[in-house]
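Quick setup: one chain, the form predicted alone, written in structure tokens, and binding and motion questions come after.
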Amino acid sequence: MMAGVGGGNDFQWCFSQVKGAIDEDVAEADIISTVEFNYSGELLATGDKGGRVVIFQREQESKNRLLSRGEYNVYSTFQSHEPEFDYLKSLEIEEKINKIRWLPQQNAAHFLLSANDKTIKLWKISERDKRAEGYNLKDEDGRLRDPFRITTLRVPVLMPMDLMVEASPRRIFANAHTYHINSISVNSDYETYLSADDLRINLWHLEITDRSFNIVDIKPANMEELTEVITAAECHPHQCNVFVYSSSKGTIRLCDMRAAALCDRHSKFFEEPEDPSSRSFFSEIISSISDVKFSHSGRYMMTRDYLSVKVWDLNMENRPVETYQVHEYLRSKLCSLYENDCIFDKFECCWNGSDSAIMTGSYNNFFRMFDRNTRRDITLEASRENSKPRAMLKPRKVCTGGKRKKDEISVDSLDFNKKILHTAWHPKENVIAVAATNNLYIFQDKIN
């Protein structure tokens, strides 16, 4: 049980919806690669390995169904990226969507950025429910009329039609990244955004596609001297001059764009000293940070490494203020996880709307939540077995050794092919979206 986000009430999570096919054989293109709520939480976007973006819209709550909150239904689906080929380097460029980021809504249309390994696109999603009729120069079927046969002039009128949702690419930001893009982040000025690859971070203006400013470049003159890569980057939610980026060495650098145009010299450097007694062959791999997220307040940031989630106070660089173990029972399994490449999986993490709870994924379709106030944590499972509407989610426990209790699952029987890398939390409510391979699960709280 997690403490209620709005107050002291305890609540339990219950099943709301699941999207996606039930097939055992999952097509690679259908695997979800990113999940993101928009600023209001009314829209939820997913990207997949096939380059598609699917947007779900929350239905308006009906008066006679007070108990059930609006469900999310498909609003728009479009092909965002196509597979390409880099002829200079003889490399295929995957269509897989690495990241989606929404822009705040300014008018009736919605805008989002989607990125694959090399190219970022700005998409406009707009509705049309009227069409013009009564043209003078063309017939209703669209054929042009002979101007000499037009004897009267008509005033065209707008007629109602079935609602159409159109997605159109408004800007394409290309050719700025030599390496694979791992992050995009919209700045709090809502005019600029940054994009990061393994060695560089670029700053873009949303209106300008033919140039960007390189603000971080960690590429050494001799690539043999390369010791770390950039793994994630994010803009501060309130200060448009501040951003952070994390590295494969487990460090986080905070940079201030007011200090210099090229932010190679960081303003703050966050690193936890390593305990020499726990050092092993895998220490360097598991300390690599796979995700970094600022809290909504802007006071804290959260980082995810292979085994844990850490919360850092921006005013304290020498150690995190909170550390949560996600799946400590895997520490004894690192050798086999290295052999099957799972040790390189990149788990994301997210905050709830009030920064009082955090969520991240694990294996066996498990995901973890941590309450920052009570320090309680819970393991839940995204599974179709308990997919009746409003069915309570039962907490799961993993048994590490000794006698296994009835409800526990043995660490040896965890399925490492079922992994939850991508999760999202509604910005205002206790509604969460969890991507499990090709299925999107939506859960919500059930107030007792």
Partner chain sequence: MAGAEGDDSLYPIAVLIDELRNEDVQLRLNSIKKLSTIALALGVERTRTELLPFLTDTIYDEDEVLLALAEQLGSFTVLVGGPEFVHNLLPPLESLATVEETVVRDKAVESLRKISQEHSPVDLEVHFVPLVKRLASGDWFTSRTSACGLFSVCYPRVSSTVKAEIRQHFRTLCSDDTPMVRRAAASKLGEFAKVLELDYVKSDIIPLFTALASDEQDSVRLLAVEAGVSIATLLPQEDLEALVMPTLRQAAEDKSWRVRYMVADKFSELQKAVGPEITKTDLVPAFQNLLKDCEAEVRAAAANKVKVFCENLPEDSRETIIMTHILPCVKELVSDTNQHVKSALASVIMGLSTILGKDNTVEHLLPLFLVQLKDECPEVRLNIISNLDCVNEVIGIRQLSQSLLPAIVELAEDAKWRVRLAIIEYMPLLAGQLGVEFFDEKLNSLCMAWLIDHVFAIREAATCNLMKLVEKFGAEWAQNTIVPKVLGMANDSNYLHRMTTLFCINALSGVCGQEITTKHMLPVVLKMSTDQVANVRFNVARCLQKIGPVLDSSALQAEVKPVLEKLATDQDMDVKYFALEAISGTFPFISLTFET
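Heads up, when I say rigid core I mean the largest set of C-alphas that superpose within 1.5 Å between the two forms. Positions refer to the first chain, counted from 1. Note that the coordinates shown come from a computational prediction; the quantities given were computed from them, not determined experimentally.
Just so it is clear, the following notes concern the form predicted together with the partner chain, a form of the same protein that is not shown.
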Would Tyr190 show up as a contact with the partner chain in the predicted bound form if we use heavy atoms at 4.5 Å? yes
Considering only heavy atoms, tell me if Arg171 and the partner chain come within 4.5 Å of each other in the predicted bound form. yes
Does Asn241 reach the partner chain in the predicted bound form if we count a contact as any heavy atom within 4.5 Å? yes
How about Asn107: is it within 4.5 Å of the partner chain in the predicted bound form, going by heavy atoms? yes
In the predicted bound form, segment of 349-357, 313-321, 141-149, 74-82 with a heavy atom within 4.5 Å of the partner chain: 141-149
Residue (of Lys124, Arg376, Lys268, Arg299) lying close to the partner chain in the predicted bound form, criterion heavy atoms within 4.5 Å: Lys124
Does Ala261 count as moved between the shown form and the other one, where moved means a C-alpha shift of 2 angstroms or more after fitting the rigid core? no
Core superposed first: is there a CA shift of 2 Å or greater at Arg211 between the shown form and the other one? no
Taking the rigid core as the reference frame, tell me whether Leu153 has a CA displacement of 2 angstroms or more between the shown form and the other one. yes
